[in-house]
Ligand SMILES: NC(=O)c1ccc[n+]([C@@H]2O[C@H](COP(=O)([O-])OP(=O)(O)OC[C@H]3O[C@@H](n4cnc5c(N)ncnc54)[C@H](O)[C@@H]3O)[C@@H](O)[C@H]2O)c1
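In structure tokens, one chain follows: the form predicted alone.
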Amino acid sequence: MDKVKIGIIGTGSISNVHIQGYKKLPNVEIVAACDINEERVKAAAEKYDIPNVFTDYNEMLNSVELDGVSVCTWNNAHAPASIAALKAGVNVLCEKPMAMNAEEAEEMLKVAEESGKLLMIGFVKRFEEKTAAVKRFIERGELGEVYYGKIGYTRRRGNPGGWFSNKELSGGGPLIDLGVHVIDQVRYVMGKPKAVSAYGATFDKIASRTDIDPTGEYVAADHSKSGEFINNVEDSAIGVIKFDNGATIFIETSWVQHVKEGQTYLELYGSHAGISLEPKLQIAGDKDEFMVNWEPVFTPNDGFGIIFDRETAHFVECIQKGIPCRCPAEDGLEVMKILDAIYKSAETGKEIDIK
């Protein structure tokens, strides 16, 4: 195969790290970009020297020869754009969450299997060196039997606005946007056990806090400059997930919450030791009849752009060499089932079984 020909579907904020990642690869050529906002896609094409511009991804797929696409759209377009690309014989790297719900994700997986093309989900935390280190410790039995964990992704004032806060476009708020990262991360390091049930609650008590200075928080590309936007999603969410390996995981996530400081964390507790990922990788256990704490002596190179570089490079390598994908669609479907269950539990007040 000569250069891998890539197209970009959706040229909002997250597309920049995809494009920049591809641009660093000598065996890749970005040949087309598409966005429903013509002004935005033309600006991206000019900035990154992309020769073909479209406002309809079906037209792009029918007009340009492509080996792969990155789907970087609003969540409600993840399924239709990915399905269209797969049916056109094009490999897909779809941003997280995989879809709006598990039903859409199941259809995406079905089409991928029928087409024989790759459907990779953008679980970028799998490309962190510190995530790989935790996974290695667990696989080697350092923690013993992992039975409990706490994961979280919280912000004090971080509602991005725009499409993110419009449920019809996003599917939900911080749970589906941020929680998806840590849910997948904890499944990945534990060896991808299957979730069997979930209980959850969502809260809408504070709203967007547009009167408070955002201090550089992430803002959607289509966020209203006036600060006025549709906000019909949760401020925060919590949940308890039970897995078939016996582990129980507590999750909390928020865009808007009166926390002292927003944070991302993962803590796991096993029969031999416990491990925490933030602010640095630390292990707590016993040795020679003493309680001891220890830290691996390494500095993870896990910058925001760097992990996306690794993700796009892996996608291209999967296309060119046919290596096993680190983030297959099957895993995306399992995460969507968990998200659906937590949201349904929040609505019904009941624990939801996951099949």
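Here the structure is a predicted model, which means the values were calculated and not measured. One-based numbering along the sequence shown.
Separately, the form predicted in complex with this ligand exists; it is not shown, and the next lines address it.
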Though only this chain appears here, would I36 touch this ligand in the model of the complex if you measure heavy atom gaps against 4.5 Å?
-> yes
Is S345 close to this ligand in the model of the complex, meaning a heavy atom pair under 4.5 Å apart or at it?
-> no
Decide whether I14 counts as a contact residue for this ligand in the model of the complex under a heavy atom distance cut-off of 4.5 Å.
-> yes
Given that the partner is absent here, does Y218 sit within 4.5 Å of this ligand in the model of the complex, heavy atoms only?
-> yes
Which pick from R187, K96, R126, R157 sits with a heavy atom within 4.5 Å of this ligand in the model of the complex?
-> K96
Quick one: from T73, S165, T131, T202, grab the residue that has a heavy atom within 4.5 Å of this ligand in the model of the complex.
-> T73
Spot the stretch among 320-328, 24-32, 289-297, 302-310 with residues whose non-hydrogen atoms come within 4.5 Å of this ligand in the model of the complex.
-> 302-310
If we check this ligand in the model of the complex, which of the residues in 175-194 reach within 4.5 angstroms of it by a non-hydrogen atom?
-> D177, H181
